[in-house]
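Encoded as structure tokens, the following chain is the form predicted alone, with no partner shown.
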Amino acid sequence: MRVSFLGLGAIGTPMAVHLATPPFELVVWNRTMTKADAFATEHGCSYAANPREAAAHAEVLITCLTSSREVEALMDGPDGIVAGLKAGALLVDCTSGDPATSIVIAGKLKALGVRFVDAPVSGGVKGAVAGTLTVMCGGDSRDVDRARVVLGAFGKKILHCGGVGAGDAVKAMNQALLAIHIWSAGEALATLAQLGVTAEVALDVINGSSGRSNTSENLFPERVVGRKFPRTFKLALLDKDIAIAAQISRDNNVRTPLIDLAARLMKEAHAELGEEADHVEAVRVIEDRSGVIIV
């Protein structure tokens, strides 16, 4: 199967590695051409000079970019995706995107005889390397079934969530919960620290009780208690994702004051900590505002 992969970022690169072996014939493209060249050399595949060339190769074209805006920007123009895609091709967008833009892209491609599935992933770099990502798909059931052949190379759980945009929506709401868990756990531990309760003791109790979450069980013990903040997922991306969740709620006339508040707090943390901060480092803002270090 001829597959092209666009976007060799932190999570896209290990995803593409799983497609660099038979039965897939892989072509990669990245905005930084030297990165695509190096990947192709290391993994024995080919690289494209532009999105049009990558799309022309593909039966299935995968995009894995920062946002739907970046995907949309690659669609048109003489070297764009649309110029290369052939009728019958399938575009699978693994970007953590927004439903409204995915619906627009799907409509444009449908007029050309090209199918579309939004398929954002969860599980981080570690899951991408292991090939155990969860993939949330939006689109026609037949298109999702066709995409499973490729998605199964790097995904363990592939779920059809609904029509086009549904995968994006589920991913955004998942990220909203992640942001809420990080901020609420940070506030709880900061308060307990002021009372002299160590984070280790507090988390031992919480993780044996009803307040536990993946954040308290896995993220905080290493990154907060251990004061290690590996840059596995940028705060800037979490800020983007929860903003999408808040917008989805507004577009569908659902009042979500908690999501709205968490979106504002993550935006503030992003502004204070900069573009390179890890998402769990938002706790540093809570510490600064509380005048306490969570240890």
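Worth saying up front: this structure is predicted, and the values here are computed from it rather than measured. Numbering starts at 1 and runs along the sequence shown.
In what follows, reference is made to the form predicted together with a small molecule, a form of this protein that is not presented.
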| property | result |
| --- | --- |
| Site test, H181, G186 and A277 vs the small molecule in the model of the complex, non-hydrogen atom cutoff 4.5 Å | no |
| Region of this chain that lies against the small molecule in the model of the complex, out of 65 to 73, 266 to 274, 251 to 259, 42 to 50 [heavy atom, 4.5 Å] | 65 to 73 |
| Proximity to the small molecule in the model of the complex, single hit among I158, A202, M173, V125 (heavy atom within 4.5 Å) | V125 |
| 4.5 Å heavy atom contact, L8 to the small molecule in the model of the complex | yes |
| Partner proximity in the model of the complex: S102 to the small molecule, non-hydrogen atom cutoff 4.5 Å | no |
| Non-hydrogen atom contact F233 with the small molecule in the model of the complex at 4.5 angstroms | yes |
| Heavy atom of V121 within 4.5 Å of the small molecule in the model of the complex | yes |
